[in-house]
Each structure stands twice: as C-alpha cells, then as structure tokens.
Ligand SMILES: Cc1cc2nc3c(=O)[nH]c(=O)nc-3n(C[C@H](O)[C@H](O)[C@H](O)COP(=O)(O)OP(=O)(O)OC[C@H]3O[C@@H](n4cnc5c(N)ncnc54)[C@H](O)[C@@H]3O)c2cc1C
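The chain below stands alone, shown as structure tokens; this is the form predicted alone.
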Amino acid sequence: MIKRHRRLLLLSRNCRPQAKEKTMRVAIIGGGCAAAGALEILGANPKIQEIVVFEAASHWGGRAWTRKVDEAYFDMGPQFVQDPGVTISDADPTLKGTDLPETANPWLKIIKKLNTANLSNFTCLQIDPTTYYRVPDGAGGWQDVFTTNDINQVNNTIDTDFQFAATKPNLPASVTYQSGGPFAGTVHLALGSNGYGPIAESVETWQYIAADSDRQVAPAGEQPNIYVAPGIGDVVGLYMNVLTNPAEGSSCAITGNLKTKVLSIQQGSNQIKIDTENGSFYGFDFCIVTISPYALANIAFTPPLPAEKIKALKYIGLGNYKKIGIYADNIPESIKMNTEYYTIDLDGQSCWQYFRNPHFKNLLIGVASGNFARTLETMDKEQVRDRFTAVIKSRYGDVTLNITDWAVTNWANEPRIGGAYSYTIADGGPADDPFPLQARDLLQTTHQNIFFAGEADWTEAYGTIHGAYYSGQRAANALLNRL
C-alpha cells in the first residue's frame, strides 16, 4: 500500500503543468557590425523570444557602407578585412573551398557562409601593397621613391618616442619628440617631414596610426589585408538583412527598423521603453546599444548614465578621415595596381594618400586624415573633388581625368555617427593619469539592463569591423548570463 501511494504521488507530480521558462524581448540600437555580432548570438538562443533592431540610416552597416560609382564599388567606410588570420589562395577568391581556421577573421567566415549559401558572390584579394612617395625629381618633374632621408628621420623619431609614450598611461595633448634632433620640441607627425610635408598633422591621427602600427602593416608571420568586392559595406549590409529575416520556424522573431532614430531609453522597474522619432516601443527586458560614442552621447537615458561613463565618453573622440572615389578611364598608367602613393597637397603642407581599387582599376581612391581631413570636411564635395584631381593633374603630366562618376565621404558631419573612427583623446593631463586609456573599458560597462558594444569598446582592435563584431558578441553573451 505504501509503495502504491508513493507511485501515485510521483505520477501526480509528473502530471502537474510545468512552469514555463520566461522568454525575453531585446532591443538593439544600431545596425552595423556590432549589431550583427549580437544578433548572431541572441537570435540562435531559445530563451530570446523577440529582438527589435533600430537603425537611424536607410541602410544596414553603420560606417560599413558601399556605394556604386559607375561600374565600380566604393567603400565609404572600412575598405578591407584587417587582421585576416589566414592566407587565402587566389584560386579560391570566394572562399567556398577554403578551410578557415578558428583564428580567421569572423567576417571571412561570414563571407564564406553567404557565398556557400548562394546568397552572394563576394570575391577576396589578399594584397600587401608597395608604398611610394611622389616627390619632386629636382628637374621640374615628379618621381616615385620608396623613402627619403627626411621621412626616415621622422619615422625613426616616432618609433623611439612611441616606445617612450607606451610606458605612460596618458599621452599629453602637446606631444613632443623626446629624443632630440632637428624635430625636438615639435608636435608629432604621423608620417612625413618638415622638408616633404606631413602625412597626418594631428596628435589624434598620430595616436591612431602609432598605436595600431602593428596591425596596419603585416609584420613577419602575419597576413596582409584582404580586399572584398563589391565591398565591405555590402557584406555587412547583406548579413544584417539575413539576420533580421530569420528562417521560417525560428524560435525568435526579429524585426528590423531602418530610418528609426532613437531619442531616449527609459528603464522602469521591470521593462525598458525606447522612444524614437517614429514613436515609442515598450516592454523590452534588455537593450544593447551599438552606436558610435558621438551618437551615444546624444541619447537621453533614464536613469542617467553613471558619471564615470559620461566622463569616459569625453575621452573617446571620432577622428577625421576623408575619402574620395573617382571613376575615370584614363587614370595614368604610372599609378600601378596594388600600390599606395603619398604626395603633398598643393598647399605645400598637407598630404594625400591615393591608390587604385584592387578590384576596379578605373576607380582611383584618395585619402586624407588628421587636420587636413578636418579642413576638407568644411568644404563642399565638389571642392574636395577638384582639389584632389588638381593634385593628380599636377603630378602626372597635366592629365585631366575623364570623370564619369565620383563620391566623397563626410563622416564628421553625419549626425547619426559624428566621425570616421574612434581614438583616445589626449587631454594634456599628467602622463601617469590612467583614466584616458581606461575610457574604452568604461564604455562597455552595463547600465542596469542596458549593454554596450561597438568598435570603440573593443580594446584589442578598436576601429575595425571584427573588433565591432566581437564586442557585439561579448554584450550578447553577457546578457544571456543574466538569464
């Protein structure tokens, strides 16, 4: 009898309705690389019932944006896969037959996935370009050289002083050469010389280039960058389209809202409310914010962000990086493929970098940075185009380019972003002040049920598409650990 009652008790327990596991609604602010990393994790987790993505622009990708320029494609933002983590074969440009190691850049894995699923036909070229400086030849013309004594002297000085600066947690705003010589006491130049002209004139750009120099150029044992056609922006945009349109039967409903600028995020006792220009959205359990520091600072939070996070936002700036893409069928043949050139601007002080797009030989790309880029940002697009083409004309036998299409970036004046890449602002404070270099870590700290991600938050590789992607995955995993 006792055994019978025990069996009935066990049976009754097993027949009781089981409490349903609470499922969650998540909002993601921003639709770029970090959002893709977060979506990939959360969309595959059965505990997440619904995800709503808010993007202010009319397209996915954030600063990864590809535009058609005549018969070519021009990346307005990042133009190659940096730190690829693999050497690819020219015989398999789509990567369909390439075994990518675990250490490979995640965007290469995404390209392979999209191509293998026949959703795209992206092609990859791995290039380690030759660099030349276009300088006067002493006879009224111009010549290409690998370097000059002045440029070598500046580079050596920068290397020495970077080692000195690397021992300090803060870099004063008035950065001066520590090693003496003809440049003692002058502000750092990223590349260039007082005899040739600076490549980048500002401390901002010096920090960015010097701090990332080991990633900008492939050292021995590492792999060169990989250029993707049509473009990096198309890769990110397509992948976001795939992620926001899950397969039928998916356990998670995902909704993408383009042209929806977020104005405020309010956390109540048990839910989050998102106010946008298009109306309000209620009932979210968590939120991941993936937008730029500039855009983040323009969102109203309730309760307010902690004082330390607000202070950190003041130490992370968005730099100036101006790009122009010109399509012409008569680009001088002496501008070789897979080669990067630098030459001084007509003002005698500023400098342009320029090269042919590796996939589209008739697309000439010009790049300016630092103070020069800041100056160009104040000009209209036609003025920038005319200034760059005048430089090319004067350097290559008075050639007039047959321009059929062109595009110019203007990230600093883009209200939803505010700049091209993140950099740590030097405030002129004590060299031993640790706060400036702690700012990126503080940006990623949670605010109750709000998480943060983006290229500025990934300290191992900020300013990169894979850094942004990894930061989104980190935020998503941190969110899941709360469940």
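Owing to the predicted nature of the structure, the values given are computational and were not obtained by experimental measurement. Numbers for residues come from their place in the sequence shown, where the first is 1.
What comes next is about the form predicted together with the ligand, which is not displayed.
Novice: Identify which of A38, I51, A64, L443 has a heavy atom within 4.5 Å of the ligand in the predicted complex; exactly one of them does.
Specialist: Here the answer is residue option A64.
Novice: Which residue among Q353, T98, Q82, S120 has a heavy atom within 4.5 angstroms of the ligand in the predicted complex?
Specialist: Of the candidates Q353, T98, Q82, S120, Q82 is the one lying within 4.5 Å of the ligand in the predicted complex.
Novice: Can you pick the stretch from 321-329, 110-118, 88-96, 353-361 whose heavy atoms fall within 4.5 Å of the ligand in the predicted complex?
Specialist: Looking at the partner contacts, the answer comes out as 321-329.
Novice: Though only this chain appears here, would I465 touch the ligand in the predicted complex if you measure heavy atom gaps against 4.5 Å?
Specialist: Taking the distances in the predicted complex, the answer for I465 is yes, it comes within 4.5 Å of the ligand.
Novice: According to a 4.5 angstroms non-hydrogen atom cut-off, is A72 in contact with the ligand in the predicted complex?
Specialist: No - in the predicted complex, heavy atoms of A72 and the ligand never come within 4.5 Å of each other.
Novice: Check whether W411 has any heavy atom within 4.5 Å of a heavy atom of the ligand in the predicted complex, and answer yes or no.
Specialist: So W411 counts as contacting the ligand.
Novice: Within a 4.5 Å heavy atom cut-off, is A439 in contact with the ligand in the predicted complex?
Specialist: It does not: once the ligand is placed as it appears in the predicted complex, A439 has no heavy atom within 4.5 Å of it.
Novice: Judged by heavy atom distances of 4.5 Å or less, which residues of 289-314 approach the ligand in the predicted complex?
Specialist: In sequence order, T290, I291, A295, I299 come within 4.5 Å of the partner.
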